[in-house]
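This document starts with one chain, in the form predicted alone, laid out as structure tokens.
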């Protein structure tokens, strides 16, 4: 896809949002719309306009895998502070494709069984099969984010995990899965407003977790933990992308574009017929009224 295909894109979001050497999370404006010059209305229109392309690419990937024409998959890793919009990405971006080709996992607090294994054990069990888009709503990065901030593991174990993650992701990519890692970056003030909205609306009370306020009190510690994650685990084969997320419409549009780019890089093709098409047309016609 070229930048001319959409109304508001003026650059490559994959480049604009990628974590590169010298990246500073504190310098990222959560209100910004990198590489995009359009309004909210433009963004909503572009999201709708690109949805069919994402849907077709996903269907082609799924179809190719069913005929064993590809062993490739795509994994979207979503990380963020609470209320940053992960659910909206799943609903408005991933939700535009056929759900039979999506593997969604929302990782929660590890179970006793999971704690009995290495932290990557439960992650590997949920990697997408060939032909699928996998989505991790939170992921193995919780083990070096909350794990560090809340001291849920010794410092030397947290340190070990960075290299373990890099080795794991390199192996996943080598096996044929493209990894799209996204951190949705909202401001402290915006998170507060979104949490307050959940309290103001009875239909949003189910989304509110009192523990979110406890984690919010540790905001500087989480930002420092994210900075370390980016420095240690944004690699050539699995780079991080930090998406400003105060504007929900922009975050959704940017993640959609990153997914489209990943699928276009895979370039899945419709599998060829394994039967004589002309003969099957004749046979089918013979069963139809003249």
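Positions refer to the first chain, counted from 1. C-alpha atoms forming the largest set that superposes within 1.5 Å between two forms make up the rigid core. Just so it is clear, the structure is predicted and the values come from calculations on it, not from any experiment.
There is also a form predicted together with a further copy of the same chain; it is not shown, and the following applies to it.
*Asks:* According to a 4.5 angstroms non-hydrogen atom cut-off, is residue 63 in contact with a further copy of the same chain in the predicted complex?
*Replies:* Yes - in the predicted complex, heavy atoms of residue 63 and a further copy of the same chain come within 4.5 Å of each other.
*Asks:* Spell out, yes or no, whether the shortest heavy atom distance between residue 208 and a further copy of the same chain in the predicted complex is within 4.5 Å.
*Replies:* Flag for residue 208 set to yes.
*Asks:* Does residue 77 make contact with a further copy of the same chain in the predicted complex, using a 4.5 Å heavy atom cut-off?
*Replies:* Residue-level check for residue 77: no, no contact with a further copy of the same chain.
*Asks:* Would you please decide whether residue 287 lies within 4.5 angstroms of a further copy of the same chain in the predicted complex, comparing each non-hydrogen atom pair?
*Replies:* Result yes; residue 287 sits at the interface with a further copy of the same chain in the predicted complex.
*Asks:* Identify whether a further copy of the same chain in the predicted complex is within 4.5 Å of every residue in the set 104, 195 and 199, based on non-hydrogen atoms.
*Replies:* So, yes: the whole triplet contacts a further copy of the same chain.
*Asks:* With a further copy of the same chain left out of view, choose which of 155, 152, 213, 174 has a non-hydrogen atom within 4.5 angstroms of it in the predicted complex.
*Replies:* After the contact test, the surviving option is 213.
*Asks:* Given that a further copy of the same chain is left out here, which of 42, 231, 59, 261 has a heavy atom within 4.5 Å of it in the predicted complex?
*Replies:* Residue within 4.5 Å of the partner: 59.
*Asks:* Select, from the options 186 to 194, 140 to 148, 158 to 166, 115 to 123, the stretch whose residues sit within 4.5 angstroms of a further copy of the same chain in the predicted complex by heavy atom distance.
*Replies:* Among the candidates, contact is made by 186 to 194.
*Asks:* For the stretch 255 to 290, return the residues whose heavy atoms include at least one within 4.5 Å of a further copy of the same chain in the predicted complex, in the order they occur.
*Replies:* Counting only heavy atoms within 4.5 Å of a further copy of the same chain in the predicted complex, the contacting residues of 255 to 290 are 270, 271, 273, 275, 277, 280, 281, 283, 284, 285, 287, 288.
*Asks:* Verify the C-alpha shift of residue 277 between the shown form and the other one: is it 2 Å or more after superposing the core?
*Replies:* The answer is yes; the displacement is at least 2 Å.
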